[in-house]
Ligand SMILES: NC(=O)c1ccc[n+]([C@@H]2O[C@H](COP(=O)([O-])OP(=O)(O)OC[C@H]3O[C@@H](n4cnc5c(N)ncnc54)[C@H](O)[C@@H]3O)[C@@H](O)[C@H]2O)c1
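Taking the form predicted on its own, here's one chain by itself in structure tokens.
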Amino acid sequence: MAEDLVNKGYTVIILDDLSGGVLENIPKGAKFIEGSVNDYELLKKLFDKEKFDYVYHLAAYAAESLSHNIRRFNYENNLIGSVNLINLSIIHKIKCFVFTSSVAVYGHKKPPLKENSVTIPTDPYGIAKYAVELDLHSAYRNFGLNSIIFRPHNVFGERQNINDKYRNVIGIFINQLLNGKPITIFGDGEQSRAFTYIKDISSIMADSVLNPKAYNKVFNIGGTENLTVNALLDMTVELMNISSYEKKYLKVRNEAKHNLASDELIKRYFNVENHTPIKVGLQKMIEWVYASNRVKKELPLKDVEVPINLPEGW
């Protein structure tokens, strides 16, 4: 999205702590500052110096299942860090605050998931995301801070961190296959998800601030082609031309069996073109993985606050 904004002529300042990203991902023409949304003093200096018109807040630690066991870390990063940005956006009269929430706010609701559905998140990650949504609604009512909230789901594509074994199933599969490790699947693998190719949504989000009709609304954004985890693995193996591998089915996690988010609302406000087929986007991602040589050993689990009921294999 930053690359898209640079190409459109915006002055782009990127703040990232590099806990999941790498310097090579920074687009030419953008200014990079290494730091965290938890560093309020740094944020104050940035807002004072740069005189931002818009804020795009995508920073989060998005390991949803792990969030049960890193509750403090989850809320400090995903909630308090967000509030830091919201406070400064109010003070500096930001024109629009774009926030990436998550379909995790719906919890275990029966699909299709619609924006006006009752939201009952079932894990600390979803709770934090929904709390930020509520805070943005409050900031608009009390201070006039405009925002656009997007709820993406299962985003994948080039430049994704594929060395984190706790989030992004496609990256996990690719990493395990290239490292010759058993492929771990929670439950029977028949749970289904719609996967979202990154370039299908990045431009929509980048351009959203130019659409005042979308201000102070919430939108699902992402793919609508459901696929089971087993079918996803078969597709990945085929595209990577892997001849031999081992599957390892683990104890089922506490997660929704099927998820599918409706895209009816976003089509009324934005020019949403046909979604990239999962197989096409996956092929592009795999080609990037081979070309970039980004595969490393999976990062070890650390700083667990509640070492109880961790998913099998973690």
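Start at 1 with the first residue shown and count on from there. Since we're looking at a predicted model, the values are computed, not measured.
This next part talks about the form predicted in complex with the ligand, which is not shown.
For the options L66, M285, A60, I278, the residue carrying a heavy atom within 4.5 angstroms of the ligand in the model of the complex is A60. With the partner omitted from this view, the residue of Q176, T119, S89, S102 that lies near the ligand in the model of the complex is S102 [heavy atom within 4.5 Å].
With the partner left out here, the ligand still marks one of 266 to 274, 245 to 253, 31 to 39, 46 to 54 in the model of the complex; by a 4.5 Å heavy atom cut-off that stretch is 31 to 39.
Residue contact check for S292: none of its heavy atoms lie within 4.5 Å of the ligand in the model of the complex. Contact between K109 and the ligand in the model of the complex is not found at the 4.5 Å heavy atom cutoff. Residue contact with the ligand in the model of the complex: E305 places no heavy atom within 4.5 Å of it. Not displayed here, the ligand is kept clear of R193 by more than 4.5 Å at the level of heavy atoms in the model of the complex. Heavy atoms closer than or equal to 4.5 Å to the ligand in the model of the complex belong, across 150 to 165, to the residues P152, H153, N154, V155, Q160, ordered by sequence position.
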